[in-house]
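A single chain, nothing else alongside it, follows as structure tokens in the form predicted alone.
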């Protein structure tokens, strides 16, 4: 659908085109788009008004490009969904038509209007927002991106499977790479797994293969037993301080001792730990590292149940799924007999899903930090079913019971594990979160434990299941990296994981340009998803650094030297260290102190503008004059 209302050019310099989106009904179901177009067509400076079912579509973008090429307009206003979704889309279309992409303003009439208002009120508010956008557009000036020299070097923090994959791909694309890992081993949590879902590959083989590629690359420098202790700079020009020291953590020392006893040498795989790095430090030292981009691959940690949660820590017959997987990895695939755990014959084993995931306020007890893990950890169902199938195939005399809230085998090839578990005669029980299974120690019975559940598959029947072992399918939690979050000003979501800008449009980027996310530091993922995210992060880092320079949006603060009196209030108020400094300069034959902006660090927040007593500061693309014009337009609409 398209309607067009043209006026002959007035001869003025600012000729604005307005492009209103129906958003497939998301907007037009509540905003009278035709009336909106009528309301704004006579605004000062407006030359063209178009409506379209989807402005972001190719036909929608072509409307804008045609009007630019025909000389009808030299300013663009798009009224559609949030600019976070398609601002880059429309800037790109404008640039391809040969116009400066910053002569564009966006009016959000979906999230700010149609999703919260109805009827005449929605149309009236949309009219006001579009009028404000037009008022600002008429005062826009052509801007140029900020060009920053960029080092063709990237740093990857964390050497789990995502970090290894990111480092390898970055090096393969021609960048120098520093791989920073706090332990002496490469492989992270994946190195502790057995067979992977759904491929069936041994995790140790996967880790050995990718770690081998990383260790033999002449473009990758590995820093084991190393942590980031200081961070400064901006995209293309970050500076990190690394601290290396000999292994001190008890777990690392125990793993190294185990490697020596097993005859595992440097560059070789130790089950349950990973690939031993070839260059362990023998003394503490600090290293200064200059890099162009940082890929965060700090991974996850498994949820640790509270003492007493399903009997955990009250008996050694209740263990977590990660512990069980490590135990299971010691057994070769074979048929016949019973599973043995810690020297005990396991005649029956119960798996309990959603331990530490999908927690509900008022039902589950918060952790020590007071938070609940309300998210689904996603990978637990498939991992639990795979373990159940593996037990039944290798030890067919061991009975397996599965207690679940919901089975979420979401990935390709994972549903087959659910079907295979049924074929292998795994017995399923379904429970409601309000009435979870109860694990009790049996006194004098044939089995040491009893799991009681109100089974919704049998219409709420109370069932008591005798077992030798209970395995808790624990969820994923983000690795605690509080110090790095504070150092690098990393955004953290409500779930505690690092937060991307947008899950679809910018899925591996954070708001700090040049810092990227890979793997389970961002969200629960399986190994395949973590590697995909790592490849996306490496591709983005390469696109940023490959040219040797980076272009940044020009929406940063600017100083009017005729007005700046050098009070320093702007520097004190600025939240970004180094974005504003005070420098001496000559003005009319006198030495004065004035504010100076480092554009690559400035985020355009506008705090400095608010505190400047002489109005010497403004923001490119968001000037005070433009704001005032927008307010006037809203009042008059």
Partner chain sequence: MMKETHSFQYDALVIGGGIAGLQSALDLADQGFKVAVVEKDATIGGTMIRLSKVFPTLDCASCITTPKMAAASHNDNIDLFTYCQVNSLTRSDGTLKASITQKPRYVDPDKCIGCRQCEYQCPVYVKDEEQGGFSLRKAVYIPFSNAIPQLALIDVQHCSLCGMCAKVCPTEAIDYFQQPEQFVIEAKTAILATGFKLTPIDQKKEYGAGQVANVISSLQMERLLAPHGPYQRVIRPSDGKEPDSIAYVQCAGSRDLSLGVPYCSRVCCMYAIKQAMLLSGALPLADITIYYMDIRAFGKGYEQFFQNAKAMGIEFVKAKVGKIEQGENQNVLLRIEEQEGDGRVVRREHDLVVLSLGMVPDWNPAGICPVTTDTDAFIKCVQPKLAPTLTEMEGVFVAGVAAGPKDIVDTIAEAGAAAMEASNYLNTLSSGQAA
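Residue numbers count along the first chain shown, from 1. Source: prediction; values computed, not measured.
One more form of this protein, predicted in complex with its partner chain, exists but is not displayed; see below.
- Only one of 140, 196, 487, 264 lies close to its partner chain in the model of the complex, with a heavy atom inside 4.5 Å, and it is 196.
- Of the candidates 244, 189, 86, 153, 86 is the one whose heavy atoms come within 4.5 Å of its partner chain in the model of the complex; the others do not.
- Contact annotation: its partner chain lies within 4.5 Å of heavy atoms from the stretch 48-56 in the model of the complex, the single such stretch among 579-587, 608-616, 565-573, 48-56.
- For the three marked residues, 64, 69 and 558, no heavy atom of any sits within 4.5 Å of its partner chain in the model of the complex.
- Using a 4.5 angstroms threshold between heavy atoms, residue 419 counts as touching its partner chain in the model of the complex.
- Among residues of the shown chain, residue 287 is not one whose heavy atoms approach its partner chain to within 4.5 Å in the model of the complex.
- When its partner chain is considered in the model of the complex, residue 169 lines it closely, a heavy atom lying within 4.5 Å.
- Interface residue remark: residue 161 is counted as part of the site for its partner chain in the model of the complex, having a heavy atom within 4.5 Å.
- Residues of 485-510 lying near its partner chain in the model of the complex, listed in sequence order, are 495, 497, 498, 499, 500, 502, 503, 504, 505, 507, the criterion being any heavy atom within 4.5 Å.
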